[in-house]
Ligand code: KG4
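There is one chain below, alone, in structure tokens, taken in the form predicted alone.
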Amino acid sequence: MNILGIETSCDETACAIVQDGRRVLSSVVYTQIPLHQPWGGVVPEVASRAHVEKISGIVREAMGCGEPIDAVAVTYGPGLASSLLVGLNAAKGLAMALGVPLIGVNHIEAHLHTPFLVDSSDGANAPAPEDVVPALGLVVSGGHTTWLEMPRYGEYKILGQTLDDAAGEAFDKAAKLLGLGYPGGPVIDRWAKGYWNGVEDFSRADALKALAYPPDVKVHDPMPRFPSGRPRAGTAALAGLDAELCVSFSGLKTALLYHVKKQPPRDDREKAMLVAAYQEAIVGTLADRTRTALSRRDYRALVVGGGVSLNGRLRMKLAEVAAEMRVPLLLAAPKYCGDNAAMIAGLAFYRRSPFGDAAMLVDVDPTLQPGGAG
């Protein structure tokens, strides 16, 4: 079964065709990063306008592979309402024109499908989704930091999440404060690697990207120690979730702001030291909550998705946690970590709700949560 997916939840316009939920036949992504860089973050009006301009060409390019289409899948939440509307309306029109059913997909849930995607030219070199459940899922991106339990594939229960900023948002705000540019995650990853490797010249992004983290990374004096982002039990914002499985990054961001005001970095080396310490606080917090969640019950895998899962230091820490807890760590190929449509089309094969006429009646849901009826 070939499903065409459309993704426009934020600042990527994407379309893909995926066979039987896993084999990617085509995948096209147009990123709006250059459009938003002057503003240091995503501007909703700019994003939706770019989606309108690009969606037809992106869909046409993805369909250029010549494969027949059996269904159309689309993100209907969560995300920016004006961006979601573009993709949802395009998908409804395309499904009607092709005479095939429409499937609505949850963006957060779809990120957890990315480790199971394989390219059409490859063999089936990733495990089947149904073979790794029950699993613990972690979605870590610019807009979401959420731990989910997957008792069966296509079923989701939120265990914990951020109470304010997502991890990617915390990186973006730190990079903006330090004048490092947008998006913040990749540049902070590069500068942190440079610090741990003793780099003096931080001007060459390609050279920093090529570096690897040494095995003995550890916060030390005179590096600042930033808060771990642990919310207090009983906080109303927890909404019934366990504080031990939730995070709050607003205090971390504030701590960085006060530190910079009190002790502005004198050169790039000191700035890189701040970046490395700040990243360790975020990565350590994510690893700690993941370890706690894995200790609560027996899981067959740790499944991680989202753009921040590209962070090299986070991958190291999660690999350590997974080895310690004796579960396999499943990560997506780098090109499927960020927002893409292959994850939408792929998950739709396994989780088809809303479907058909019900999907045609659905509206965008900017605050959609995982774990609804499936």
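This one's a predicted model, so the numbers in the text were calculated from it and none came from an experiment. Don't overthink the numbering: it's just position in the shown sequence, from 1.
Note that the form predicted together with this ligand isn't included here; everything after this is about it.
- In the predicted complex, this ligand sits within 4.5 Å of a heavy atom belonging to G306.
- Contact check for G338: a heavy atom falls within 4.5 Å of this ligand in the predicted complex.
- In the predicted complex, this ligand stays beyond 4.5 Å of every heavy atom belonging to S248.
- Put simply, L310 is close to this ligand in the predicted complex: some heavy atom of it is within 4.5 Å.
- Checked against this ligand in the predicted complex, the residues G142, P115, G77, P231 give one hit for a heavy atom within 4.5 Å, which is G142.
- The single contact residue among G160, G168, P129, G194, judged by any heavy atom lying within 4.5 Å of this ligand in the predicted complex, is G168.
- Residues with any non-hydrogen atom within 4.5 angstroms of this ligand in the predicted complex fall in just one of 184-192, 147-155, 259-267, 216-224: 184-192.
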